[in-house]
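Okay, here we've got a single chain as structure tokens, the form predicted alone, with questions on binding and movement later.
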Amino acid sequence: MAADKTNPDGDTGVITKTRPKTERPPLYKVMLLNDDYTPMEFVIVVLERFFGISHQQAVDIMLTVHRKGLAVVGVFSYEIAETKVTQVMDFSRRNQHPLQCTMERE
């Protein structure tokens, strides 16, 4: 086999394209904040309804919010976190409670 002028060793190679690695989208923590007016039972309903949390988990999270001032309810993509915050805030206002729900980048 004769050596190629551009490849003196006579080796053949494969040209590969490198694809840029796609990064995972950032995640956001959704948090409930404590206040002195929203009933504990209402917070439990919110957790069960909008986050699909069992009753016992909802009670545990509600108590964490009550004792520590805030609790992370879940971690979601931006769009889902934003939707959950909006749902909780709208539901709270319709029921005349000042419950606060926020999100922050993890």
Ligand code: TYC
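Everything numeric in this text was worked out from a predicted model, so none of it was measured. The first residue of the shown sequence is 1; numbering continues from there.
The protein also exists as the form predicted in complex with this ligand; that form is not presented, and the subsequent description refers to it.
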Checklist entry - Looking in the predicted bound form, is this ligand within 4.5 Å of a heavy atom from each of 35, 38 and 66? => result yes
Item to check | Partner contact for residue 81 in the predicted bound form: this ligand, 4.5 angstroms, heavy atom | outcome: no
Checklist entry - Is there any non-hydrogen atom of residue 30 lying within 4.5 Å of this ligand in the predicted bound form? => result no
Item to check | residue 53 within 4.5 Å of this ligand in the predicted bound form, heavy atoms | outcome: no
Item to check | residue 103 within 4.5 Å of this ligand in the predicted bound form, heavy atoms | outcome: no
Checklist entry - So which bits of 78-103 sit within 4.5 Å of this ligand in the predicted bound form, heavy atoms only? => result 99
